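Starting off, we have a lone chain in the form predicted on its own, written out as structure tokens.
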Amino acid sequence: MSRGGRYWVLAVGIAAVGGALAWAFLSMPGFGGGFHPYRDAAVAAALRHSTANVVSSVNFDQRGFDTLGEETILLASVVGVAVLLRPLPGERHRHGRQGGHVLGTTRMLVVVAVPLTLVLGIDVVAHGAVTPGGGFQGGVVAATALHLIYVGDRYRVFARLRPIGLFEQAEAAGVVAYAAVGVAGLAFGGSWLANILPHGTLARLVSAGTVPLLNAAVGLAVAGSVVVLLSHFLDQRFLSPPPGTRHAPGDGTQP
């Protein structure tokens, strides 16, 4: 396609999206109004399924298929980063001096913070149906616990404690587990992601039916995705370019 043709395609796309946004904004109800049908329906549905966290009820019960799409977008983004940052022929990891010095107080703080952050991430995922939080937030917090090790020590120590293959499998397992709960709902409840488990008692840890299971699946997928994503960026930072490649100023590589 010629340059002019690409510009025409871009112009048509911008016009279509701009028109849809303008129509949506003009059709919105007035600011500060008292008519909130979606809010009323969402809260009532959350209470029917004993889900104290209405946001989790919307994400994993009322609009669970949308959440599967969001999880798939994250998975596709990580795959894209892995393809773009894959090592080139001739690149290898540098194991020499990496520069910088980690203070003893920083190391001590990391030793304390890593287990606390990991427990906090698991707690946020486990209580996603009861209190604010859920699989997305808890997964990011849990992945942060691992990367605190890099802050408090050298890259080689961090790399030994971060088996990429295991986290890639965890990411895939989370997506598959989410889809499996959806198939179970279709088989036993008549609709995709139907809430087929006992709902329990409102505000109890074991409540909300399938919502805790979906929270756990998303937490596993998100934690694995974030670890894999940041690992590719860190690996790129400590790769030596192929012989004969010119170094950009300040790129941190050794001649």
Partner chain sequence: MTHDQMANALLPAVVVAPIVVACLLLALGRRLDRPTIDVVAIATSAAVATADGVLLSAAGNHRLVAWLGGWRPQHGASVGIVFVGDQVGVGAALVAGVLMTCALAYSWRYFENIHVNFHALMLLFLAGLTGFSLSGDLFNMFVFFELMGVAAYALTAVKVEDPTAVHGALNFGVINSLGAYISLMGIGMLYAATGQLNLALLSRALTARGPDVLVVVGFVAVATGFLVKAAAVPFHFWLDDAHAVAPTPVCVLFSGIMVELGLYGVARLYWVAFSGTLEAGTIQRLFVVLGVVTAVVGSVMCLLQRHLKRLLAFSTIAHTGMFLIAVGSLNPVATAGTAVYVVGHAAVKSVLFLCAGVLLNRFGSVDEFTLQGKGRDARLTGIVFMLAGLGLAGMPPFAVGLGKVMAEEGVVRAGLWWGPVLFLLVAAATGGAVLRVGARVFLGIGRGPGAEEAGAMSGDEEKRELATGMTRLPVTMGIPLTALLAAGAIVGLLPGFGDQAALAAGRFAGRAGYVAAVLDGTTSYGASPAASAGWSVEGIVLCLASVGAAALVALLGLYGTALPRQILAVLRTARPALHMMRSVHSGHIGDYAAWLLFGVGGIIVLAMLPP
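The model shown is predicted, which means the values in this text are computed figures rather than measured ones. We call the rigid core the largest set of C-alpha positions that still match within 1.5 Å between the two forms. Positions refer to the first chain, counted from 1.
If you look for the form predicted together with its partner chain, you will not find it shown, but the lines that follow are about it.
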May I ask you to check whether Pro198 falls inside a 4.5 Å heavy atom distance of its partner chain in the model of the complex?
no
So in the model of the complex, does Leu186 come within 4.5 Å of its partner chain, heavy atom to heavy atom?
yes
Does Pro115 reach its partner chain in the model of the complex if we count a contact as any heavy atom within 4.5 Å?
no
Residue-level question: is Ala194 within 4.5 Å of its partner chain in the model of the complex, judged on heavy atoms?
yes
Scan 42 to 56 and write down, in order along the chain, each residue with a heavy atom lying within 4.5 Å of its partner chain in the model of the complex.
Ala42, Ala45, Arg48, His49
Taking the rigid core as the reference frame, tell me whether Gly69 has a CA displacement of 2 angstroms or more between this form and the one not shown.
no
For a quick test of reading the superposition: does Gly32 move by 2 Å or more at the CA between this form and the one not shown, rigid core aligned?
yes
